[in-house]
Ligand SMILES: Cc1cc2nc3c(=O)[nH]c(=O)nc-3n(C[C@H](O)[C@H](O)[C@H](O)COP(=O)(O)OP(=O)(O)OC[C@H]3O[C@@H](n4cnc5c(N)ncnc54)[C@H](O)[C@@H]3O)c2cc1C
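Encoded as structure tokens, the following chain is the form predicted on its own, with no partner shown.
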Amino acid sequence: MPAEVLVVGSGNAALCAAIAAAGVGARVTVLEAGGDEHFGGNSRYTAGAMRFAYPDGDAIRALLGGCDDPRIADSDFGAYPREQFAADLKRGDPDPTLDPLQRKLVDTSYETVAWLVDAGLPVEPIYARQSFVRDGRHRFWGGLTLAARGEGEGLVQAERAIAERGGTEIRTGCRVVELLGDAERVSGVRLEGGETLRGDAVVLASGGFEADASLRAEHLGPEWRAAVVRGTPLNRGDGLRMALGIGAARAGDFSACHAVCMDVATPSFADSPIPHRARKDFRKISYPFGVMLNARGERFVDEGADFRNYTYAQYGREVLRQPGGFAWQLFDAQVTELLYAEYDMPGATRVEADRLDVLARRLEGVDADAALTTLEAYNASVRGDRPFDPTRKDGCATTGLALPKSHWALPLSEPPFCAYRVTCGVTFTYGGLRVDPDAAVLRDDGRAIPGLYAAGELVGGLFRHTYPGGSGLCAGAVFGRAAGRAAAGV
């Protein structure tokens, strides 16, 4: 008899679990709490990018057989070896050793993306966000190269189609509220309304707790009630609550999360009519090419500490810590062509001026005199002894400031000057369940709970001191695939 596998959730991790389980003969049912408008979970709101290790450009081209973009012939994809992926995961961590989950993510990242591509997921190079043209070549930077065609929306729709072709049944409007069984064996789920479904295994891939304001306040701090929720309103911690309720162990930092700079005009995504692909455009993550000021008119982070791929998920938290929970990002005409298209979207909170002193007075909520003093000191501190180069950490830095800007430091000197008001947007939480490399959920004593697996945001401990962009979707695919295979008995 084929194994009966129940998958809770419908995002990238859930669908990868379904594809993997069905691919080895299991009968699979995917259970989504919301309707079709919520299908895909947080994955649907992403840019669809996956970070994975690869040895050279040929390895990238091998994944692009279905992509006929003429720019590929003029692209330098570089390399992103496993050692670099490992180092990026451990940035800021005093212990550079990968744990078993991180090692599995790094070591199987390429083969997992290749598995999805072979199954029918179309991918394409991320020209608009991850490359700059230099000497007629498209040069990729920051270890992030490919995304699903159609971004997050395209990712989940392609994975849904693959899953359904493999025989997976997808049910929407089915909120799971209870696991059947205990720490000795999980044998199914109970739905809101009372229906029970039996299965040989359950895969929890229903996201973290970021959409529940009370849980954010409890674990992250009271100020996080005010954070903008960037994704689905249904990630309320259901999977976490159910698993902990039968004796699963916690893992990871419950006081940390993926948090980015968002325009203060960002609407609630819960009932927004804005299409999923457009909602990510409220992000404001080109700050490495400018400066950020708080209400006191002060800089508060090193905007050029690293590529934004490695700082953007932390700097939203820093904005929330500022007076009033907001900041302004300032740029001049030298870099406006480098800003992502999201900066020009209708409704952005933007001001412009031909003089810095005028711009400073237009920054709502900011001490204008202090802001101008900060900007003048910043301009005077830019060394200017190295060429500006957005494709690498260029060492174009400031000198003499208590808080330096380490790379991409240009004086704000060419009008028009523009500024954008931002706040903090929470994407997903880092605290979750303890699992083994096969995605089996563990108890405090280290033993697996038979019949229970977890993937996606529910996996705790993968991300700690930093978050390399694109790692979440890749981790969802890696552990979703592992969970599906293990749940099917392989």
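Sequential numbering from 1, following the sequence displayed. None of these values were measured; they are calculated from a predicted model.
Keep in mind the form predicted together with the named molecule is missing from the figure; the text below concerns it.
Peer 1: Would V5 count as touching the named molecule in the predicted bound form under a 4.5 Å heavy atom rule?
Peer 2: It does not: once the named molecule is placed as it appears in the predicted bound form, V5 has no heavy atom within 4.5 Å of it.
Peer 1: Going by a heavy atom distance of 4.5 Å, is A14 a contact of the named molecule in the predicted bound form?
Peer 2: A14: contacts the named molecule in the predicted bound form.
Peer 1: Counting only non-hydrogen atoms and a 4.5 angstroms cut-off, does L462 reach the named molecule in the predicted bound form?
Peer 2: L462: no contact with the named molecule in the predicted bound form.
Peer 1: Is Y54 near the named molecule? Define near as a heavy atom within 4.5 Å, in the predicted bound form.
Peer 2: Taking the distances in the predicted bound form, the answer for Y54 is no, it never comes within 4.5 Å of the named molecule.
Peer 1: Given the named molecule in the predicted bound form, answer whether the residues N294, K405 and V422 all have a heavy atom inside 4.5 Å of it.
Peer 2: Not one of the three qualifies.
Peer 1: Just give me the single entry in D332, D200, D238, E153 that has a non-hydrogen atom within 4.5 angstroms of the named molecule in the predicted bound form.
Peer 2: Looking at D332, D200, D238, E153 one by one, just D238 meets the 4.5 Å heavy-atom criterion.
Peer 1: Answer with one of C174, I246, V264, L356: the residue that has a non-hydrogen atom within 4.5 Å of the named molecule in the predicted bound form.
Peer 2: Residue within 4.5 Å of the partner: C174.
Peer 1: Which of 175-183, 218-226, 284-292, 135-143 has heavy atoms within 4.5 Å of the named molecule in the predicted bound form?
Peer 2: Only one stretch passes the 4.5 Å heavy-atom test: 175-183.
Peer 1: Taking the named molecule in the predicted bound form, which residues of 409-429 have any heavy atom within 4.5 Å of it?
Peer 2: If the 4.5 Å heavy-atom criterion is applied to the named molecule in the predicted bound form, 409-429 yields T427, F428.
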